[in-house]
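Given as structure tokens, the chain that follows is alone and in the form predicted on its own.
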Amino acid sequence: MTNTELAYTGIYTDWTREAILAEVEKQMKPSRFQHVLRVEASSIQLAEKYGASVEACSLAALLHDYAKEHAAESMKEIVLSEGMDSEMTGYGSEIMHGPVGAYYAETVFGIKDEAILDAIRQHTIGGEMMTLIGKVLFIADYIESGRAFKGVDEARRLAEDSLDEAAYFKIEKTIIHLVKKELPIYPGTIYVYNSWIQRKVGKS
């Protein structure tokens, strides 16, 4: 299935694909919009491979960075007014844009499907528990064709065999990256890592 064949209207939202693309494009610089399109393409491939809803994965991908370039103060206001974890406000857009993006997905685009909203909410740090759609977006954002960081080829290889293995790889490498850069780690990221490593060790 190609992305131009997707139909969301009447299933997940009243917005057409063309209207969604136009609105998303207005929210970000061209390079990020191209990233969004590549994440969608990767999401569709993974959805088809692992039996997830292609439409849901495509929609989550298109909206995942909707809030990424919004002003930090406006995101903080939403985090606080909507009762989200206030600790996020100390970690900037990188942490806030997922949950805030899910807020916009619901309030602007009318999406009520919790799996789509959770996928957008969790796409940066992951979740202690993740749906299939959530795993698809989490990994697609990491391995889309424009990514060129050290380790991305390994992540892509893992994604061919197991979404869980690829997700754990991303979670682990994110922690290592932050430690090496001597950057503070949002506690939620640690909770996610702990949950995944406990399950991984439990299976070994």
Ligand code: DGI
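Numbers for residues come from their place in the sequence shown, where the first is 1. Everything quoted here is computed from the prediction, not taken from an experiment.
Below, we turn to the form predicted in complex with ligand DGI, even though it does not appear here.
Q: Against ligand DGI in the model of the complex, would E114 count as a contact residue? Criterion: heavy atoms within 4.5 Å.
A: Although ligand DGI is absent here, E114 would stay clear of it in the model of the complex, with no heavy atoms inside 4.5 Å.
Q: Taking heavy atoms only, is I11 within 4.5 angstroms of ligand DGI in the model of the complex?
A: Looking in the model of the complex, residue contacts with ligand DGI do not include I11, since no heavy atom lies within 4.5 Å.
Q: Should D65 be counted as a contact of ligand DGI in the model of the complex, where contact means heavy atoms within 4.5 Å?
A: Yes, D65 sits close enough to ligand DGI in the model of the complex that at least one of its heavy atoms falls within 4.5 Å.
Q: Does E94 make contact with ligand DGI in the model of the complex, using a 4.5 Å heavy atom cut-off?
A: E94 belongs to the contact set for ligand DGI.
Q: Have a look at I125, I133, M75, A102 for me and say which one sits with a heavy atom within 4.5 Å of ligand DGI in the model of the complex.
A: Looking at I125, I133, M75, A102 one by one, just I125 meets the 4.5 Å heavy-atom criterion.
Q: Mind telling me which stretch in 157-165, 23-31, 171-179, 44-52 gets its heavy atoms within 4.5 Å of ligand DGI in the model of the complex?
A: One stretch meets the cut-off, namely 171-179.
Q: Since the partner is left out here, which residues of 152-189 would have a heavy atom within 4.5 Å of ligand DGI in the model of the complex?
A: Going through 152-189 in order - heavy atoms within 4.5 Å of ligand DGI in the model of the complex - the hits are K170, T174, L178, L183, P184, I185, Y186, T189.
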